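A single chain comes next, written as structure tokens; it is the form predicted alone.
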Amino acid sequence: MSRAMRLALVAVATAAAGVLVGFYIVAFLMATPPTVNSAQTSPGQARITLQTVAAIGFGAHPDWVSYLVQDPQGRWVHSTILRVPAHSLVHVTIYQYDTASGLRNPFYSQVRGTVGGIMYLNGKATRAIKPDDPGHTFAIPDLGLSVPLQGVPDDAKNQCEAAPCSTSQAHNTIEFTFRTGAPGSYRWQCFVPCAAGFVFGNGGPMQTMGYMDGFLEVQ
């Protein structure tokens, strides 16, 4: 094979690799979970129901920790893009099935930005939990909202291994209400470093839309 032909083959292979990388990057950037509407309970009020799981159990990353949201028809959807009405009260219920990872910043162990400054943990009004106890948080920094989610004990019986989980399995129920303001797109995320297997627990699902962060679309 001549030198010119070898160079041509190398050029073709390089170009093909570049195209494949380009397709991968575009597919990654363009992959967006579906937007799930909140359930309107009355004028000026809406409801969101979420669950957090230790492993999603399906898709491209079955072993990743994740959130799921329940749509108005009661189906669990793998998404973190939530649509809620502007200038409204939003009632949130989160079923927390994961065990505790703990916080690096105790700031996030306190309830902030909710109506009354409280959440209800398994029915009990609560303003803070121990910094070692959260499995996750639900936080919308631009709205000043931050709610710690109590982890399930490591030795709890009947733990959920893959989503969607059932309320018959070990979990904690967290409820709170917050008020939305003007229309806009607000980033929300978990601040517990819960990405096992990644450096400092902050990679993978912590940085991927549809898993541990998303957007609150206020309209």
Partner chain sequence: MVSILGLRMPRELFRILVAWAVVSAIGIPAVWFLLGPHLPPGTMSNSAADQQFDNTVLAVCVVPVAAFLAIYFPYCLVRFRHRGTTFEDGPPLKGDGRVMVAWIAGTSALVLFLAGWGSWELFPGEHGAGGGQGPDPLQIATPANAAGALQVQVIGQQWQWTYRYPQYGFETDQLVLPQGQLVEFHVTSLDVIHSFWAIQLGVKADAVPGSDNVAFTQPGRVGSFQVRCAELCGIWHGHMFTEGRVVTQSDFQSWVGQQKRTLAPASGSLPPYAPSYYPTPLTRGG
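Numbering follows the first chain given and starts at 1. Given the structure is predicted, the values throughout are model-derived calculations rather than measurements.
We do not show the form predicted in complex with the partner chain, though everything after this point is about it.
Although the partner is absent here, I118 is not a contact residue: none of its heavy atoms lies within 4.5 angstroms of the partner chain in the predicted complex. Taking the partner from elsewhere, N105 is found to have a heavy atom lying within 4.5 Å of the partner chain in the predicted complex. Contact check for P131: a heavy atom falls within 4.5 Å of the partner chain in the predicted complex. Heavy atoms of P72 never reach within 4.5 Å of the partner chain in the predicted complex, leaving it off the interface. Listed residues T180, Q51, N172, Q189 were compared with the partner chain in the predicted complex; Q189 is the one with a heavy atom within 4.5 Å.
For the partner-free chain shown, C194, A195, A196, G197, F198, V199, F200, G201, N202, M206, Q207, T208, M209, D213, G214, F215 of 194-216 come within 4.5 angstroms of the partner chain in the predicted complex, judged by any non-hydrogen atom.
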